[in-house]
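Next comes just one chain, in structure tokens: the form predicted alone.
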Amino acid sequence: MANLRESSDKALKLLRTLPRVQIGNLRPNPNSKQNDKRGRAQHGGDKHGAGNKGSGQRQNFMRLGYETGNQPFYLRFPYEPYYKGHHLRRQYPPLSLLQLQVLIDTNRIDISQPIDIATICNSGLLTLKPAELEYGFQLTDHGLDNFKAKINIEVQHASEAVIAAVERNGGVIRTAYYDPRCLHILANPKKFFQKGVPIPKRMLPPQDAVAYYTDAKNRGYLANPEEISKERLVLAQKYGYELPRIEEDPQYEMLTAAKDGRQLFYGLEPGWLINLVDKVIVKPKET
């Protein structure tokens, strides 16, 4: 009995020092459970995780859209005319007025010079991918009430409210088209200049974009300047602000700077060659 009492006392003393039994510290004894199967799945490991027969075992990855003999999705459903040519549609990545104001406030964009695709891409925060059918930037109205900068900017698409926000501050905005080759050049001008190739001419817009870029309401670069002046006044009356007089502005030359319809860079004509090593501009001889 004495031995039994001593053993029970030891057991109780041990229980006082051990942690409380919980689900978190319960586990089976070591090596008490053994897995009779190897590998994965329901076959006991005989397939080695590769499935059951056929091309699924052989890493013969099927083409996109193939449904192992079934009628594929794009044939099961009727044709939708809305999606015709969707893979060829031009995309315009958004650039909000709020983002533009932040770029200006952080000195990533110099507003004493005209702003175009090259200026925006050189900021280091925005990129353009012409290979993915991105044809320039679309200026959106997010942050419209907080935009206070006076700029001369060229984008590819802008709404009426955005145009009013820029012109209300005494700025100038234009919408212009660039073909894919010119977009590649403007997205990375340094890389192009290092090739030692003359600056090409900008192509004219395609037929479905001519109406947009010749409309003075959109401030198209192919529109009549006199009609643009009238539309500036009409827009000021519509939104209820007094249109600043650009002619009396000390930055008149910067605000009125504009590219020719075939020009890529401000101050650089097509056909000129830029030598970055010698820091010279090679111009063709006039004939």
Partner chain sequence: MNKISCAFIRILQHSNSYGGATVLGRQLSYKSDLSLDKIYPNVRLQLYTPPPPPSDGDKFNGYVPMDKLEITYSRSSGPGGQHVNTVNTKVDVRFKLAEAKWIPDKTRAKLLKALQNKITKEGYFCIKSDLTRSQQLNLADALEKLRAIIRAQEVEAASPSEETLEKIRRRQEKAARQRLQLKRGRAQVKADRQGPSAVDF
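Residue numbers count along the first chain shown, from 1. Please read these numbers as outputs of a predicted model, since none were measured by experiment.
The discussion below concerns the form predicted together with its partner chain, not included here.
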May I ask whether 253, 256 and 283 all come within 4.5 angstroms of its partner chain in the model of the complex, judged by heavy atoms?
yes
Give a yes/no on whether residue 112 approaches its partner chain to within 4.5 Å in the model of the complex, heavy atoms considered.
yes
Taking the shortest heavy atom distance, is residue 63 within 4.5 Å of its partner chain in the model of the complex?
no
My question is simply whether residue 245 lines the interface with its partner chain in the model of the complex - judged by any non-hydrogen atom within 4.5 Å.
yes
Would you please decide whether residue 161 lies within 4.5 angstroms of its partner chain in the model of the complex, comparing each non-hydrogen atom pair?
yes
Exactly one residue in 176, 183, 144, 126 has a non-hydrogen atom within 4.5 Å of its partner chain in the model of the complex; which is it?
144
Considering its partner chain in the model of the complex, find the one stretch among 87-95, 69-77, 127-135, 167-175 with heavy atoms no farther than 4.5 Å from it.
167-175
What residues, if any, in 262-276 have a non-hydrogen atom within 4.5 angstroms of its partner chain in the model of the complex?
262, 263, 266, 267, 269, 270, 272
